[in-house]
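The form predicted alone is given below as one chain in structure tokens.
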């Protein structure tokens, strides 16, 4: 006879009033994810497009490149995704950056002006140096935003509103108020070029998302950003350099906006300081909200931002595809965004949830 005792079974988790707490089912966890409703809404848009145009999802290979509506959506969503990527981390720290559209315009203005003023306008080195100068200027503008918010303590919406208003004026000064056109194939490839059959613009945007995910989810940076967003003062008292974290996300936001501006300018081989990147900050904020990032800070989802950017671009293509004038774009965008936000709301999900009656031994059913 052995003396080995059988381990006592661990007590079941209990909830309120001592009743056994029900384990969340796979369906409950699936419906509780913030990514579910944006993905379902994106799939619904694709279904609507397929019904309107059965060949909507067709992808063909031409001259070694992929072509089709899906490829166009991926390429056109690159600028919004880049701006929304920086906006996601800014919002995660309880901030907001309204100047990203103006920064994009400045990036396009600096790059095109440098290309036109170069000795060899069509050279590869000319495009590289022009983009480097443009991105450097955008980083400086991000430093300026971060300085106003983290050092001077100005409210983010006010601090970035200054550059939002003044930024297009700076872009107009750079271009002398003229529409500047360029002739450089390397610069144009940023928007229209392909690598391995895929659009370069999409590869740049996805590469930035992957890089941001590695730095925020494989290091402590993401946790520190969320800690600052939850409570900046508490995180500072805990030893987190909140000022540095806030400064960093605004610099990153400026860099991403600069990349977006270069892609937009390269798409038309020109820059119009009045219209380049106009209202892109609103699309970026919508993409962030649709993706499940809380505007109150403390939580962010890069995958959700990716889905949100694809959703906005798909919606813009769906409206003319089903025969509705493109002028109604903003109306439909507002309606759909409100619907998605309601589905993400905890109160709305609680109202839709089916409540099961509590059953206990002492209470007959």
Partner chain sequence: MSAAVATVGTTSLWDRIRTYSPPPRFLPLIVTIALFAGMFGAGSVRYENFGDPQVFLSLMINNAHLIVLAVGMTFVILTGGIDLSVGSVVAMSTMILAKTLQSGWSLPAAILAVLVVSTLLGTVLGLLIHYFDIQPFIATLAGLFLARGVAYLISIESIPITDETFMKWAYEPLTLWSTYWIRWSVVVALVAVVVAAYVLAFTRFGRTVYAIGGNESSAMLMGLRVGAVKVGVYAVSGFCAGLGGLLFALNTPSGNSLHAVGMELDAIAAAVIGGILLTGGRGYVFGALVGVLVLGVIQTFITFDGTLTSWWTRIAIGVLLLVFVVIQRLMTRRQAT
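Numbering follows the first chain given and starts at 1. Keep in mind it's a predicted model, so treat the numbers as computed, not measured.
Although it is not shown, the form predicted together with its partner chain is what the next lines describe.
Peer 1: Only one of 116, 240, 98, 137 has a non-hydrogen atom within 4.5 angstroms of its partner chain in the predicted complex; which is it?
Peer 2: Only one option qualifies, and that one is 98.
Peer 1: Which residue, 234, 223, 206, 151, has a heavy atom that falls within 4.5 Å of its partner chain in the predicted complex?
Peer 2: Spelling it out, the residue with a heavy atom inside the cut-off is 151.
Peer 1: Can residue 264 be called a contact residue for its partner chain in the predicted complex at 4.5 Å between heavy atoms?
Peer 2: The answer is no: residue 264 has no heavy atom within 4.5 Å of its partner chain.
Peer 1: Verify the contact flag for residue 195: yes if a non-hydrogen atom of it lies within 4.5 Å of a non-hydrogen atom of its partner chain in the predicted complex, no if not.
Peer 2: Result no; residue 195 lies far from its partner chain in the predicted complex.
Peer 1: Is residue 249 part of the interface with its partner chain in the predicted complex - any heavy atom within 4.5 Å?
Peer 2: No, no contact at 4.5 Å.
Peer 1: Applying a 4.5 Å heavy atom distance criterion, does residue 255 contact its partner chain in the predicted complex?
Peer 2: No.
Peer 1: Has each of 58, 227 and 315 got a heavy atom lying within 4.5 angstroms of its partner chain in the predicted complex?
Peer 2: No residue of the spot touches its partner chain in the predicted complex.
Peer 1: Out of 101 to 109, 122 to 130, 174 to 182, 77 to 85, where are the residues with a heavy atom within 4.5 Å of its partner chain in the predicted complex?
Peer 2: Only one stretch qualifies here: 174 to 182.
Peer 1: Scan 290 to 304 and write down, in order along the chain, each residue with a heavy atom lying within 4.5 Å of its partner chain in the predicted complex.
Peer 2: Heavy-atom contacts within 4.5 Å come from 295, 296.
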